[in-house]
Every structure is written in C-alpha cells, then in structure tokens.
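Let's start with one chain on its own, the form predicted on its own, as structure tokens.
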C-alpha cells in the first residue's frame, strides 16, 4: 500500500521518496545516532503516539506548527495529543479503536429519555447508566440477555476494563485504581453482568454472536466486529461508547507523521504529509489496511457500505468533546501482567463477590509497581 501511495506522490510532485521499514527500537536508535553525529538522513517518520511521545520527550522531533494543511478538519482529540509538552510535533495520520455495535432491532428497547441521536452524536444522555438500563430492557423484554462482551481468554475484554470502564469512572486507567471512583466502577460491573449474555465467557470476538443474533449490543475492536458489518451493513450501527462520571473513556491507537530535527528535506516532508492526510488518500488507506481517517472530511466521503458504517462510529467517538483518551501503556514484557490484573480483579470482585475496597487496594499497589518497574509514567 505504501509503495503505491509513494509512486502516485512522485508522479504528482516529482519528489522521489525512499521508504525504510524499521522497528521502533531501530528507528529510535538511528535517530539518536544521526542527530548526535549531525548527519541526519531521515526527513519523515510515521509511528504510534507512544513512540512519537518518547521521541519528542528526547528532543528528536521538530516543532511543525508552520505546516499548512488546507481543506481538512482534524479530529480535535487527535490534534490535542499531537501537541507534546506544548509543541506541535506530529500530524495525526491514521487511527484504530474499539467501539460498540448495535443491531438496529435493539433500538426498539431504548430506555425512556434516550434517543438514537443521543447515542450516535453522542450526547451527555448516553451514559453507562443508560447502557445498564438498555441492557436490562433487552433481557427483560426479549426473554434473553442481548448485551455481550468478548470475555474469553483470547478476547480483548481486559481492554474494556482498563481503557473504557476505569477511565470513564476515575479519569485514568491505573493512576486512581484505588479510589472511590474505582469502587463505583466495579459496583457498576456487578450490575451490568446480570444483563450480559452468559456465553460472553466463551467469545473471543463479537462478530459471530452479532451475525447470529445471539447479542444485539456488543463492544469489541473494530477489526473483530468488521465481518458482521461487512455481511449485513444495513443491519447494524457502529456507535460511540457511553460516558461515565469522569468522562467518555476509550482507547485510540493513534498513528502520526513527524519530522526529525535536522531533517535534510523538511519542505518535501511537509508535501508528503499534505498528500497522506488528504481525505481521498485516507479513504484509500481505510479500504486497503483498515486504519480509520483522522480528518472529518474523509469520514463524510466514504461510499455507502460497511466501511462507512464503521468509520462514522469511529469518528463520532473520537470527536466527542468529553473524551478521555487511553493510550495502551508501553510496559514491555510487563504488559501481560498489567492486563491480567484487570481480569483478575473482575473475577474476584464481580464473579466471586469479594470485597471491592480490599481488592482494588491490593491491585492498585501492584499496578504502581509495574509502571515503576517498566519506567513508564502511570496513566
């Protein structure tokens, strides 16, 4: 895909671009070495927010507030995170995330006072309490639970806990794990589980349960619900997640474009950034590799069908003014222990009804230890 784009860019501008595929560690080491020696060869880097954050913190990236990108409206949440320590250091390029999917049949069972528009926009009425009431209605009025989560060992349920539930109730993934807000979050899960399809414990992805009608409302990664949307785009809506007392917490996998300090071809790099962030190019990236646009104009121009259904939900979620973005922490080899902690607390306090305050106090200390050991700031 990148080769095809660069070929078209050269045909339009006459600028020849050499693409170098590097791992994150290879790229960081090369940038440090080049800038120490004063012989910089890289003029543009593309990486996840976490990697660019580290590069910016080490002073390896240029401030790029002088770049001109007309006729595109970047999603404000992504723009906010591209400014690190007060400096604009990258341009949002692509994004991926986790969202909710609703079978349109479920709209017949919305709780009183909640509308479809409230959910899709989303407004302040689309809350975790509203989700609970909706799940309750679905179970009681259809005769079976219709809300589902990918709770099997290979499912991504732990991402829901640390990237959605906890930030929405405490403002953070781990920093306030032992807090009154966290107590309310786990008390909430005890209520929600009553209206959750029991087979959730066997599901690693929600596409099939949605396609079969076993659930009408589900949360999962965009890639894991995509097959259901592709099969029946007219049957489903992709919707933003609800908000909690602290805000609307969700994970974004954000990818940006940045210019290293001392870049030998800064102006050419700016032209390539302009090209890669055009709405039509962003749509092409979505169609080929499944990463979603970062400019609103692209979401509005996607042809009708499954990708449009997905993109509209993703962009609506990342455009929410009450967003609390949770970036997956870079804890290296400790990442598994981090995610297991959330699943273990869920098992102990929700399924086994153990004392919430004692459990979050114990797990909160453990999470602090993990972040300290990894040398990462606790989020």
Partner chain sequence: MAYPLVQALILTFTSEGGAGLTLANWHSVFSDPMFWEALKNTLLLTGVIIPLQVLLALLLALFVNSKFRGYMIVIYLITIPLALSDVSAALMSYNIFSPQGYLNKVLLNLGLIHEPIYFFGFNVKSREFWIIVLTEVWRATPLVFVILLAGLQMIGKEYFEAADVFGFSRLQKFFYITLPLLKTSLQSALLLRTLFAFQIFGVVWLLAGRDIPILAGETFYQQTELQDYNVAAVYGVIIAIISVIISWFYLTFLKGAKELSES
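Positions refer to the first chain, counted from 1. The shown structure was predicted, so the numbers you read here are calculated from the model rather than taken from an experiment.
Not on display, but discussed next: the form predicted in complex with its partner chain.
Residue contact with its partner chain in the model of the complex: residue 143 places a heavy atom within 4.5 Å of it. When its partner chain is considered in the model of the complex, residue 63 lies well away from it, no heavy atom lying within 4.5 Å. Contact check for residue 336: a heavy atom falls within 4.5 Å of its partner chain in the model of the complex. A residue is said to contact a partner when one of its heavy atoms sits within 4.5 Å of a partner heavy atom; residue 202 meets this definition for its partner chain in the model of the complex. When contacts are defined as a non-hydrogen atom within 4.5 Å, all of 151, 197 and 343 contact its partner chain in the model of the complex.
Stretch-level contact check against its partner chain in the model of the complex with heavy atoms at 4.5 Å: of 34 to 42, 346 to 354, 313 to 321, 50 to 58, the positive one is 346 to 354. Shown without its partner, this chain lists 129, 214, 237, 297 as candidates; in the model of the complex, only 214 has a non-hydrogen atom within 4.5 angstroms of its partner chain. Checking 110, 246, 265, 193 for any heavy atom within 4.5 Å of its partner chain in the model of the complex turns up a single hit: 193.
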